[in-house]
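A lone chain, given as structure tokens: the form predicted on its own.
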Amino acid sequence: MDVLKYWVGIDLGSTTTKAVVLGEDQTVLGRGITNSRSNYDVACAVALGEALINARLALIASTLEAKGFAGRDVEELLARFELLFREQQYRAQLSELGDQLNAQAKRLKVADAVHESVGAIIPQMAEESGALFTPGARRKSDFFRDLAGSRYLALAEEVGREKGASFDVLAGLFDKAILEVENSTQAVGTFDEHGRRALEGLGGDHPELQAAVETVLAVDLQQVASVGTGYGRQRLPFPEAMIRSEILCHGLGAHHMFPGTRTVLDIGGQDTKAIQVDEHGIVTSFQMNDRCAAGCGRYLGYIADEMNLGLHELGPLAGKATRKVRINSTCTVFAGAELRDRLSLGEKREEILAGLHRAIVLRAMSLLARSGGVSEEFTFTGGVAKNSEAVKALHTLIEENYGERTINISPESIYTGALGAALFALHEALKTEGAAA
């Protein structure tokens, strides 16, 4: 059996937990993400499990390529295989959700109509699952809680009305059951189990893919070491010696992705970090916002909730504005009040959002200035780096204040901290081996 050793970095953020798996040559083998939760052990295990699934999917692709199978047809086949794999994951979690809903309903001794409603909702969700994972299908989220929650609540209202069951009771059951599902690593299943079912879903006319899957399933993935970081790093199930600060990990991770990087801005769910690094990715200075989450991902999430929008819809909607409304505060506490005031004055949603994104970036620019300014090559990381309007505002403000700069944004920017942590794990292991030799 082939053995593939790997090193792990875990970034436990306030909203999401990320994992990166590295090979000995510092190549990223896989990445995984899940929503953070009260059970930190489970959050880490699920994120790592997703990273290892991602690693095996990548190994299947490289195995096929090594055997001469490549091109658009193979890419489409692999994409379809992954969608079928994700559908199997979703179905497994949906089955666990049904079990937990029934257990909660039995414990609370709810009315028969509630039991009947749950018995109708989950099968309908299972029946609809195929449509969620077809090529081109748009999903508002890849997290089970979000994906299943929105459909469950819609069906709870519809089915509950038909059967005479209270919507509030059905919603309350979901709130309790989803916690049990999220805190169960068993519900996610294994690569072997879901991979074989995904192959069945493709039919029996893809022997080259089946052979590649069997080859990859025979690879023994062995974890050597891990390092944790992030907003919740003190609660990580890691020895203290294997925990590194967010600042160090984001600096090293950004430098690894873009070796010319000398300035890093990270806007995450709970905090904003402005970091200066040297030619080795070592932090030379930094500034970080205070404990307030103003201007961070959580603030944007709050605004999205107030406007009844998905978080991913904020940037594109703001991009439609022809003017920017001046926003006085990016404080989460006062966000709702100011938003409602602006709307009552007749301001358009897109113009309010455009002003809001500029205000967030202005706050970050202050941190950058205090950390040492913006060097020629600059890297933007964190979940907010995926927001098109935040990126646009950043480009404008950097050019206004510092002139033309190279601005790097990786599609995998949300994993920067976890990547840095994995690099620390690998470097520490190599240093220990060198000392032993």
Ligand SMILES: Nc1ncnc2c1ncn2[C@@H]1O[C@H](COP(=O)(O)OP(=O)(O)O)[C@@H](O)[C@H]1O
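Definition used throughout: the rigid core is the maximal C-alpha set that superposes within 1.5 Å between two forms. Residue numbers run from 1 along the displayed sequence. Keep in mind that this is a model prediction, so the values were computed, not measured.
Form predicted in complex with the ligand: not shown, discussed below.
- Think of it this way: in the model of the complex, the ligand has a heavy atom of just one of V227, I267, A354, L170 within 4.5 Å, and the residue is I267.
- Contact with the ligand in the model of the complex, judged by any heavy atom within 4.5 Å, is made by just one of A318, L300, L252, V118: L300.
- Of the candidate stretches 383-391, 59-67, 370-378, 397-405, only 383-391 has residues whose heavy atoms lie within 4.5 Å of the ligand in the model of the complex.
- Shown alone here, H312 lies within 4.5 Å of the ligand in the model of the complex, counting heavy atoms only.
- Taking the partner from the other structure, the ligand in the model of the complex has a heavy atom within 4.5 Å of a heavy atom of I414.
- Contacts between 51-67 and the ligand, taken as any heavy atom within 4.5 Å in the model of the complex, involve no residue at all.
- Here A304 counts as shifted, since its C-alpha moves by at least 2 Å between the shown form and the other one after the core is aligned.
- With the core held fixed, the Cα of I267 is displaced between the shown form and the other one by less than 2 Å.
- After superposing the rigid core, the C-alpha of E214 moves by less than 2 Å between the shown form and the other one.
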